[in-house]
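In the form predicted on its own, a lone chain appears below as structure tokens.
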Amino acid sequence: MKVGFIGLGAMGRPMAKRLRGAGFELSVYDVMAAAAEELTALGAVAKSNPGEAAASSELICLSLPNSAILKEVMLGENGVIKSLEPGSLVVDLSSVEPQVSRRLAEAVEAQGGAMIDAPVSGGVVGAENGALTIMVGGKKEDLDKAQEVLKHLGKKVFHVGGPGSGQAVKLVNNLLLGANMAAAAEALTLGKKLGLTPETMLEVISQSSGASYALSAKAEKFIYPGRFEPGFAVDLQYKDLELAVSTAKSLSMPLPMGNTAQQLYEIARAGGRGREDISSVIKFYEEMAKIEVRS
């Protein structure tokens, strides 16, 4: 199968590398031409715009930072849709608003192609190891066609509904992650202020009702040693919370926990921590409490 891959950032590059390693004939594009060099060294062919990458491919993967860039790549002057061959399948691995995915799926279908939204969870390490969780919205037959590619990217692939449903599940998941991380950071700082050791808190809480993925994944590996290289960056978590907040606004639904959590990540970004792991939000609490939660 000929595969196009558009977007070779922190997540896109390792996913594209896995596909090339699996033997797919790969055409790649990124707005930063240098981002394609590692892939071309492995035998991929770099294209000069998204349309060229789509024109030579049966299946086109997208891994892009936000809705505005996704829409430009899909609908722009040299965009994907104008170059789609009938029967081509677009697999969007980005995280965007569900309504954007639905509109783009309609535009692709009007051109004789098909599109599924397939946002991923698992971070850079998951992308490197092919261990992502993939949440797919779209037609089941289109997912079946994409499985030949997706099986090299993730260990768990869920079909969660029609177009936009994958994005909806990802939005809900990352709302919970962001809020849980903020709560864990706050709680650990309080515990340290009360005289508890980090080790005791982790041992007890991980076996109690306060347990969470944020605590188990971030406390021992990131917070306790004070190493905050991502991981999953604050900037990305902020973006995902913005998706949840803006989507909730469009539905006239209040989102007080989401808004509060987003402000905490905004504080981290304002303090120059946007590229650090999301666990670095604990520094806000540590500074206020004048302590550090470290082993």
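We number the residues from 1 along the sequence you see. What you see is a predicted model, and the numbers here were worked out from it, not measured in a lab.
Heads up, the form predicted in complex with a small molecule isn't pictured, but that's what we're talking about next.
Asks: Go through 113, 123, 98, 154 and name the one with a heavy atom inside 4.5 Å of the small molecule in the model of the complex.
Replies: Exactly one listed residue reaches within 4.5 Å, namely 123.
Asks: Using heavy atoms only and a 4.5 Å cut-off, determine which of 90, 73, 223, 171 is in contact with the small molecule in the model of the complex.
Replies: None of the other options qualify; the answer is 73.
Asks: Just to confirm, residue 11 within 4.5 Å of the small molecule in the model of the complex by heavy atoms?
Replies: Yes, residue 11 sits close enough to the small molecule in the model of the complex that at least one of its heavy atoms falls within 4.5 Å.
Asks: Please tell me whether any heavy atom belonging to residue 29 falls inside 4.5 Å of a heavy atom of the small molecule, as the geometry stands in the model of the complex.
Replies: Although the small molecule is absent here, residue 29 would touch it in the model of the complex, with heavy atoms inside 4.5 Å.
Asks: Closest heavy atom of residue 69 to the small molecule in the model of the complex, within 4.5 Å or not?
Replies: Looking in the model of the complex, residue contacts with the small molecule include residue 69, since a heavy atom lies within 4.5 Å.
Asks: Look up in the model of the complex whether residue 7 has a non-hydrogen atom within 4.5 angstroms of the small molecule, and give yes or no.
Replies: Taking the distances in the model of the complex, the answer for residue 7 is yes, it comes within 4.5 Å of the small molecule.
Asks: Non-hydrogen atoms within 4.5 angstroms of the small molecule in the model of the complex: do 63, 231 and 239 all have one?
Replies: So, yes: the whole triplet contacts the small molecule.
Asks: Among the candidate stretches 81-89, 199-207, 139-147, 123-131, which one is within 4.5 Å of the small molecule in the model of the complex when only heavy atoms are counted?
Replies: That would be 123-131.
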